[in-house]
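One chain follows as structure tokens, the form predicted on its own.
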């Protein structure tokens, strides 16, 4: 049986000397994996069309024996090149991937999570890495997962609580215009780390490095 979808490449790893395993996030099928046979050969129709955070239309042959399907065709839409030109952006994108992989099941429709990640990557390509962007992604994704911290019960200072509400509810650019003090960044960062650790059993991989890089990139001295 064949299927088709539009998806973002979350991970890519070698399977053989010539083939890749690609992990996708799609709205219709959620997280799914395909093998791209021969994708590492320069003559392959997949060559140059499948890499981390690429957005593409894909068709695949569904396996009856496993959750690893066979990629048939790829139509590349967007490569998000800015992510590969800046390590701080790349760390944020990688952390977002780790968060989604930890918090969602495979092959379950995730249209809202897909749109959230797509918007996040587009914003990350337009804007420099910042703590506000990381916090906004966390708060928006938690809300999509039904794990909204609930602003009335966070124990955050009034100003920090207001910032968290804006980051969770408003457009990306609106949140990025906020100016957080060092104390507010620390307070909100620690609160979300604790919340994630409790509700996801552990903090998603890469958060500390992503936040440190975002804070450094956001520093006026840089």
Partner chain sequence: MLPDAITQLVAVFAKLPGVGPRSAERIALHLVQTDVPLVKQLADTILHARDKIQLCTTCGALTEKSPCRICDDARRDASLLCIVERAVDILSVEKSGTFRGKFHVLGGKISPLDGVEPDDLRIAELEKRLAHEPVREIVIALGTDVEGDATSFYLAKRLARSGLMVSRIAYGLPAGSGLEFADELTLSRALEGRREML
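Just so we're clear, the structure is a prediction, and the values are computed from it rather than from any experiment. Residue numbers count along the first chain shown, from 1.
Below: the form predicted in complex with the partner chain, not depicted.
### Task
State the residue from 94, 122, 145, 116 whose non-hydrogen atoms include one within 4.5 Å of the partner chain in the predicted complex.
Of 94, 122, 145, 116, the residue with a heavy atom within 4.5 Å of the partner chain in the predicted complex is 94.
#### Entry: Residue among 194, 165, 159, 48 with a heavy atom within 4.5 Å of the partner chain in the predicted complex
Of the candidates 194, 165, 159, 48, 48 is the one lying within 4.5 Å of the partner chain in the predicted complex.
### Query
Does at least one non-hydrogen atom of residue 11 fall within 4.5 angstroms of the partner chain in the predicted complex?
Result yes; residue 11 sits at the interface with the partner chain in the predicted complex.
### Task
Decide whether residue 172 counts as a contact residue for the partner chain in the predicted complex under a heavy atom distance cut-off of 4.5 Å.
It does not: once the partner chain is placed as it appears in the predicted complex, residue 172 has no heavy atom within 4.5 Å of it.
### Message
Against the partner chain in the predicted complex, would residue 108 count as a contact residue? Criterion: heavy atoms within 4.5 Å.
### Response
Although the partner chain is absent here, residue 108 would stay clear of it in the predicted complex, with no heavy atoms inside 4.5 Å.
### Task
Determine whether any heavy atom of residue 29 comes within 4.5 Å of a heavy atom of the partner chain in the predicted complex, and answer yes or no.
So residue 29 does not count as contacting the partner chain.
### Query
Which single stretch, out of 64 to 72, 50 to 58, 29 to 37, 173 to 181, brings residue heavy atoms within 4.5 Å of the partner chain in the predicted complex?
Result of the contact check: 50 to 58.
### Message
For the partner chain, considered in the predicted complex: do all three of 186, 188 and 203 come within 4.5 Å of it, counting heavy atoms only?
### Response
Checked in the predicted complex: no contact with the partner chain for any of the three.
### Message
At 4.5 Å, heavy atom to heavy atom, what parts of 68 to 92 sit next to the partner chain in the predicted complex? List them in sequence order, or say none.
### Response
Stretch hits, in order: 76, 79, 83, 84, 85, 87, 90, 91.
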